[in-house]
Structures are given as C-alpha cells and as structure tokens.
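Only one chain is given next, in structure tokens, and it is the form predicted on its own.
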C-alpha cells in the first residue's frame, strides 16, 4: 500500500471515531466537562441565528455601519437583545471551545483514535478567533478600528527575513486584507465577507457530517438550553453590547485593546522582537495541530505525559498572566522579556527532565517485572 493509501486509511479510521460535539460521550455527562461539546454547538447556533437577524439591519459601509448599529441597539424592538446574544454567545462559544480543548489536552483525548477530533477542535478555536476579530471591526467604533489596525501590522514583521533579507511578503498579506494602503471600505467589506463565510461554510460541512452519521448534535436537556439562553439574555440586559465612539482614523485611543481572547497576544507582541511577534502565534498553532503526533507517550493521564502536561500548564498560566498585564498596562520592555524567556527555558527543561525520569522508571519496572511462566502443555 502506497503512502496515499496509508493516509486514506488513516483518515477513514479517524472519521469513524470523529467526535465534534462530544456526541459519543453522552454517557460521561455526569462530569460537567463533557457538557462542553453540546455547549459549543448551542452557543454556535445562537451566534449564527442572531448574526443572521443583525444582517437585516446592518449596513456594511464605513459611512453607515456605526449608525446601523445605533439603530439596532436603540430603535429596533429587542435589537439590544439580538446584539447581546450575538456578542455574548460568541464569547461563550470561544470559552466553551477553549475549555473543551484543555480537557482534551490534559486527558490525552488527542491520542489514537482522537487525533482528527482534536485537530478540528483546535482549528475551530482559531477560526472562531478570526471570526471574532473580523466581526469586531464591523461595529466601526474607535476600539475596533484601532485593534484591527494593530492586528494587521503583525504580517508586516515578515517583510525582512533572516538570511533572505527584504521580501515585502508581510506587506503583501496585509494589503490583501486591507484592500488598500489603510483600513477603509475595502477592509470592512473583506472582514464582513470573512466573518460571514467562516460560519456558513463550517455550518454546511457540519450538517453534512451529521446527516451522514445520523448522530444527535445537541445532547443537552431542555432545562440546560433555557438556563443558558436566560443567562445570555440577562448579561445582554445588564451589560449591553459595546457601542463606543465612532471610528476616527486621526485620533488614537490609549490603550489600544481588542476583545479579551486577543489580549495575551497583544502583550506577547509587546515583549518580542518584530519577527518573533509574527512567528510566535504561527508556531503555537503548529504545535497545537501537531501535538497528537509529537506526543509519543503511551498513557493518557497527565502524570504519564510529564513534558506535555508542563507545556499545557505553562500555556494556560501565560495566557492568564499576559491578559492581566495588558489590562493594567504593565510592561517593562527592557526587563521583562529576558525574565520570561529564562522562566520558559527553566520550566521546559524541568518538564523534559521529569519526562526522562518517568520514562526511565517505566523502563526499569518493565525490565524488573517477572517473566510469565512457561506453559509445559505447549511443548
């Protein structure tokens, strides 16, 4: 069998064990962490339905976008609720995906035959964040405008590469998304298209999968459905979705911040040289997608995968710490990066030593274990 045949067999086997929304783990729902799959699907549906309703009144132009949001928020009956469900439903979706990914990671669910389920779950988080940042600009307020401007400066860091020199590759990528030299109508149009397309294409592929497998998508009680809806409605009422001030390219707000799930990345960009500010997120994504193939340990429990457990804990701690630091505008560029790098190297080294020690202990137990007695009847 050739390489293509092996890959085809691998994909076929993993598709049979594919688990998009924990639909094969209903029997484990005594553990609330196994409700995360149905929660992902539920919050995704709320985000899509509310988004389709917003499209009725939203005007995707730089002149009319902000006014249409004002119209929806204050003049359309229950418009504030629709915006709130869309905003907080999307936030809840990203939280549920993130928690589910951490559950899968620390419980080793990415191991055979769960590799494809893990890769799709991890990719869904990336797509949800891309959908979030593109949808964020659609408000066309100050915070969204300048947050998008910061994000679109990251590709420019690839304009000059070591050993290669000037490439202008990053500027070309930024230009494609901008649609010109600066954020404007072309940028808004592109972001609107990306924001809409991600959900529509993903929903079509998901529905095709469930139609073919005849599985149940939403394995959640009616009571849970109502509780989550009322929770989102209450938050929408108590904390109305942000409006802010109309975008003004000539006035820079300080600090420039995006939605909560990008805050840690902002701190990372502050701390790192330009090239690494661009490479870092890409390397993190690559590690996340390839972790099922990088982790060659046999066990699934965290203690049986010491190095990868340490990496997961470190990633979680850095996300929380960097988010807090950017919120309080704490960053000493001359002091912090070397300290953070030293901490990272030491922690990873300790994790690697823990892994080596564990493997040696396992090998020692295997060698010292008594061999099974020979069966005389087999002679």
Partner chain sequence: MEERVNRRTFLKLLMGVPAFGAIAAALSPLLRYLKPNLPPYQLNPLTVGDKPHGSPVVAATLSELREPWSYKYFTFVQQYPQYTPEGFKNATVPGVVIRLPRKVVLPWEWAGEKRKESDIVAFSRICPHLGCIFNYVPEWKEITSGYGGYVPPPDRRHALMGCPCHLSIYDPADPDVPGRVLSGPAPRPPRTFLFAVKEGDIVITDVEPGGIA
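Since we're looking at a predicted model, the values are computed, not measured. Numbering follows the first chain given and starts at 1.
What comes next is about the form predicted together with its partner chain, which is not displayed.
Enquirer: When its partner chain is placed as it is in the predicted bound form, are 28, 132 and 208 each within 4.5 Å of it, taking any non-hydrogen atom of the residue?
Expert: No, none of 28, 132 and 208 comes within 4.5 Å of its partner chain in the predicted bound form.
Enquirer: Looking at heavy atoms inside 4.5 Å, which stretch does its partner chain contact in the predicted bound form, given the options 312-320, 42-50, 339-347, 326-334?
Expert: Going by heavy atoms within 4.5 Å, the stretch is 326-334.
Enquirer: Have a look at 244, 113, 274, 299 for me and say which one sits with a heavy atom within 4.5 Å of its partner chain in the predicted bound form.
Expert: Here the answer is residue option 274.
Enquirer: Answer with one of 286, 256, 225, 233: the residue that has a non-hydrogen atom within 4.5 Å of its partner chain in the predicted bound form.
Expert: Looking at the other structure, the residue within range turns out to be 256.
Enquirer: Look up in the predicted bound form whether residue 180 has a non-hydrogen atom within 4.5 angstroms of its partner chain, and give yes or no.
Expert: Although its partner chain is absent here, residue 180 would touch it in the predicted bound form, with heavy atoms inside 4.5 Å.
Enquirer: State yes or no: in the predicted bound form, is some non-hydrogen atom of residue 164 no more than 4.5 angstroms from a non-hydrogen atom of its partner chain?
Expert: No, residue 164 stays farther than 4.5 Å from its partner chain in the predicted bound form.
Enquirer: Would you please decide whether residue 203 lies within 4.5 angstroms of its partner chain in the predicted bound form, comparing each non-hydrogen atom pair?
Expert: No, residue 203 sits far enough from its partner chain in the predicted bound form that none of its heavy atoms falls within 4.5 Å.
Enquirer: Does residue 190 reach its partner chain in the predicted bound form if we count a contact as any heavy atom within 4.5 Å?
Expert: Flag for residue 190 set to yes.
Enquirer: For the stretch 248-264, return the residues whose heavy atoms include at least one within 4.5 Å of its partner chain in the predicted bound form, in the order they occur.
Expert: Contacting residues: 249, 250, 251, 252, 253, 254, 256.
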